[in-house]
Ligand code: URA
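Okay, here we've got a single chain as structure tokens, the form predicted alone, with questions on binding and movement later.
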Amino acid sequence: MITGIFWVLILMRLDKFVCKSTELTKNEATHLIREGQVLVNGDVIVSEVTQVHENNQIILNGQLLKTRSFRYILMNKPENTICSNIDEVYPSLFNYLDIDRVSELHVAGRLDADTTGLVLMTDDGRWSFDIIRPLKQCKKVYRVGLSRSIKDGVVEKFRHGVQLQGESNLTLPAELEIINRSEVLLTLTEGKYHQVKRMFAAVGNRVVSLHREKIGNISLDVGLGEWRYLTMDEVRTIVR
């Protein structure tokens, strides 16, 4: 059975390790660490920012700690929801999850409220960082509806990078596949603020619908508002 809860070997801060091994809050964990109640491989550690490995022997008040495994979730985000842990003007997409400790999860690469499609959620910060940092070259594929017919030459412009308003550098090269004159597939390896909308605005067009279909090798395969855990193979495609 696929549970979507896996071990991925990484370092983490000591306070985070304690929180993921107990029911303590971050403030409570920090207090106990500074009080000298946490041992790492037999040594008292009083700094909560100390980096520890899951294979280290970490003891709190005589009890050996073991972290809960990280979780990796795929969701098909509905329109008019936000990638925040709390409701704001629009409701949080986390309301769709009926699992424990939802507050520990975050979105790896947010979408705007009016954008639908593939969202990845996790409590593994290192894994999500590999998704969003441009140097990792993790591709994201968007299906884009446009208000006007796509102009000649835009594919080539996107391939060389576009000058966005307020930006000093061009965007990274992007792949543009024309489905029809007003619908395209756009593949990016970065995630600037409102980047898709700003790129098309820079070439005299306007985005009227935006739907993310793929992140790396992970494709959207659930209905609107539905979710599932990722398989171990899917998780590993990001951390390679």
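Counting begins at 1, following the sequence as shown. Given the structure is predicted, the values throughout are model-derived calculations rather than measurements.
Missing here is the form predicted together with uracil (URA); even so, the following discussion is about that form.
The candidate site formed by Met75, Thr122 and Tyr229 is entirely out of contact with uracil (URA) in the model of the complex, as no residue has a non-hydrogen atom within 4.5 angstroms of it. Figure note: of the listed segments 130 to 138, 84 to 92, 165 to 173, 105 to 113, the one touching uracil (URA) in the model of the complex, with heavy atoms no more than 4.5 Å away, is 105 to 113. In the model of the complex, uracil (URA) sits within 4.5 Å of a heavy atom of Gln195. Using a 4.5 angstroms threshold between heavy atoms, Phe158 stays clear of uracil (URA) in the model of the complex. Leu210 belongs to the set of residues with a heavy atom inside 4.5 Å of uracil (URA) in the model of the complex.
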